[in-house]
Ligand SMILES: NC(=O)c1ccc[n+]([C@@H]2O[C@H](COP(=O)([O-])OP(=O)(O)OC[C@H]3O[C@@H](n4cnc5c(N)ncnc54)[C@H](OP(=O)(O)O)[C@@H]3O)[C@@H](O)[C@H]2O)c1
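Next up is one chain by itself, shown in structure tokens, the form predicted alone.
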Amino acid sequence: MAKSKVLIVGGTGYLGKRLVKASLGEGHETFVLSRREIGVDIDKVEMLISFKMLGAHLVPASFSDHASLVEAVKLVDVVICAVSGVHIRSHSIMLQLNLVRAIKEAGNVKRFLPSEFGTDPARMEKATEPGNVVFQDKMVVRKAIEEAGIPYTYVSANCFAGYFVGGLCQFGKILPSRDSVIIHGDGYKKAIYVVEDDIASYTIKTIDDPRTLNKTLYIRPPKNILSHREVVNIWEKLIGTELDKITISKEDFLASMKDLDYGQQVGLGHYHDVLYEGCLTNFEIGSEGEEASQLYPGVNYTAVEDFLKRYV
């Protein structure tokens, strides 16, 4: 069977650039949306050119130009969107409604993967405010996809290793400390950490797989289902030093959010749900989902220990 042609929207972003490379690496004819909103952002322009040199096709289009989106979508079989949903940088989730309308009008797309890639929003009805706004927006997009009758796969990739593991689960830190660390609550709630390149690899594997059609793919690498303390202990063993550990209660953590700006409050709400409530591991995957490492055992995912070695 011929491999699907893939359009990646948000290809110059944090995860998007990895999706482009993974798609090309798997031999898919790959198209990358080139939005005029990039303007003179030279870093993004040069990234797009680098994709072109790797064999990708650049497709001019804009969320504000419906006709251009429709024409872009007509070029491919699969659309993957990776626009940002992180409030501390930018938040573009609702722009996907324009993309849904274009896909519906084009009528040729056999799979759409919207920008999710984190916690499954369908399981976050009790998420902490104001972090719950992200999940509410994603559910609005899901509703539009399903009402339009568009075939889909939702990807729940859990915690991005670069954001969580790199900073030992400290909000606002992306490098591991060598002296002290804050432990959230008792530090024993399990979370799931996935290296960003592995997220891209698993995602691309799904697009021609009938087992993931109209389902949620949960990325749960067994070695990376760890508590906060386990992540810290791995780092301590790597550097041969025990860190000073300061615990912060749930109540104090929530109180610390009150004077922060909105974007930081959203982000801290997510940290609360992951590290204090264990929202990533407090449920079983049912018949509407599949687990990535079981479907694709050939993907040699990066363990947390190996990821942390880069910082030693």
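These numbers were taken from a predicted model, which means no experiment stands behind them. In case it trips you up, residue 1 is the first one in the sequence shown, and so on.
Unshown form predicted in complex with the named molecule; subsequent notes refer to it.
- Note on the partner interface in the model of the complex: the residue among L226, V195, V83, A106 having a heavy atom within 4.5 angstroms of the named molecule is V83.
- In the model of the complex, none of the heavy atoms of C169 sits within 4.5 Å of a heavy atom of the named molecule.
- Contact check for I38: a heavy atom falls within 4.5 Å of the named molecule in the model of the complex.
- In the model of the complex, K44 approaches the named molecule with a heavy atom inside 4.5 Å.
- In the model of the complex, G289 stays away from the named molecule, with no heavy atom inside 4.5 Å.
- Note that among 202-210, 174-182, 116-124, 140-148, the stretch whose heavy atoms approach the named molecule to within 4.5 Å in the model of the complex is 116-124.
- Shown without its partner, the chain has N158, C159, F160, Y163, F164 in segment 141-173 as residues with a non-hydrogen atom within 4.5 angstroms of the named molecule in the model of the complex.
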